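Just the one chain here, the form predicted on its own, laid out as structure tokens.
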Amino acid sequence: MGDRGRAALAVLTRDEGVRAAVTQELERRYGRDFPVVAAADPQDLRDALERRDLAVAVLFGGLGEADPDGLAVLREMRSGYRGALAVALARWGAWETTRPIFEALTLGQIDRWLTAPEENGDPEFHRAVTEFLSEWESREGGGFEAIRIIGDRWSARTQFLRDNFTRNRIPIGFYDAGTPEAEAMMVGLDLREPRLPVLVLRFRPERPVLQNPTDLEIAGAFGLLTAPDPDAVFDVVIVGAGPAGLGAAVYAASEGLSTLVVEPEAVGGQAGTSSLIRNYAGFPMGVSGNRLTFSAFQQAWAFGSTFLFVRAATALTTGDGLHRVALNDGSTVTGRTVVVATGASWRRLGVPPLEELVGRGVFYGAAVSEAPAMRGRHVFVVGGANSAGQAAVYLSRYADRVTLLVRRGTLTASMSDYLVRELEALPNVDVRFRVQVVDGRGSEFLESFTLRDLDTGAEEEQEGVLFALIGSEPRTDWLGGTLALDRGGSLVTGAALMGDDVAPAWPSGRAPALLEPSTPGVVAVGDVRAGSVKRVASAVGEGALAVTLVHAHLASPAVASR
């Protein structure tokens, strides 16, 4: 078969020394899996790739004395290879290249930068290349398939499962029902009239086959339904495994507290769906929300936190100095303290015809698993905050056109400056202000939707796919009547509890701490809390601060004596 269908590592630089060193390192370490193609001229590189019918996984473009126009050439080449990572390549010590590289990163014109290897087997060089390939493979799919999913591509349930597995970093292979490959699999599984979606758990020795399974059935097949010990009392029960909950779990478990984390869906919460977070400290080239939060999960797990997945909290009660969290499987977990980190869910568009088409042309959140299917389409992203901007940038890698639909008249008040600049620089992204989606049509898939100008009232029809990221609503429905909520449903904490109109009122004689809701021994962190800063770093910080409050509560005379 030769190279057909394979993806290459492409090197483009006029610097013969850099080209030779990079090519040698790439061929020696990765050549068996990725053909390495190098050239000094862009057209020569294109011709070489075309002759061998190669796609491109990573495109390395030189920048420096021999390549003064390297960034412009890299941007031009990148446009012809959708899905490839564009990496600027510079010599060590060429400090004059850093500012142009950083500007290009900010504007989304390149994906990463890298210092050319100075010695054989340069570990820093190979660490970076391995990360590039990991990111490319996560975008494009392929490789080991722990689970195979056979289903209708635009089924809401199928889409949910694909997205959920992807967010939990479970390698999947998806096969669209009705295709010859999927039909052959069905025959091989002896399924004649299957209930879709079908899941094949290939990582289990017996390779069980599940037909249209519930979340609890999937968890059972994974071996994740071990019931918690009803007599166990944890130092802290954390409800939610987003950045705030994970931050609390890392610090609590690392400090010797017995820690239980309850999570109904996927590790990472809304942050886990972000394709690239550029402003998190310590990641100069950015990090995907999924990678960041999954690493935090592994860290908390390594320190000794216990995780209960596919369990949702349904009620919180307090008595005898203990807090009990009821779960949707009928069980109850008990803690001396509770950290509420349930975060928020995406606010709905509120347009009934569009709600009927969720998963079939209408998506809430970034839906990273669906991005490759947007090739050749016009995608509309509804929203004006960072999450919407990040989704638009990510989807622009695949879609022919991306339009950001914003209710406000500007992005500057709700979106980080680096994202605004990046959106402005992307050639296939535009922004429409003061508009709202008010209607939609479609049967099996979204066919069109109505867009209204909020200043003139004029309406127009548009065709494309909708991704809605229009803000969030706190997940506090399970806490109604137990803890004080504001009008928006967020948990009231700290000094705000001292108001006359807050119910239930703060019961203790001392003043409540910043993160304390209306019950001592309970702490609220992250997006679920009124007045929280909607940033991943602040959520992790609140999680860490929560553990200080947990220690203080556990050390109080009333609790310590039990």
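None of these values were measured; they are calculated from a predicted model. Residue numbers run from 1 along the displayed sequence.
Beyond the structure shown, there is the form predicted together with a small molecule, which is absent from this document and is the topic of what follows.
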Under a 4.5 Å heavy atom criterion, is residue 332 part of the interface with the small molecule in the predicted bound form?
no
Using a 4.5 angstroms cut-off on non-hydrogen atoms, would residue 244 count as touching the small molecule in the predicted bound form?
yes
Consider residue 58 of the chain shown here, and say whether it contacts the small molecule in the predicted bound form, taking contact as heavy atoms within 4.5 Å.
no
Is the gap between residue 211 and the small molecule in the predicted bound form 4.5 Å or less for some heavy atom pair?
no
Of 405, 262, 129, 257, which one comes within 4.5 Å of the small molecule in the predicted bound form, counting heavy atoms only?
262
Sole residue of 273, 158, 166, 97 within 4.5 Å of the small molecule in the predicted bound form, by heavy atom:
273
Is it true that 248, 337 and 493 each have at least one non-hydrogen atom within 4.5 Å of the small molecule in the predicted bound form?
no
Would you mind picking out the stretch of 521-529, 50-58, 497-505, 29-37 that comes within 4.5 angstroms of the small molecule in the predicted bound form, counting non-hydrogen atoms?
521-529
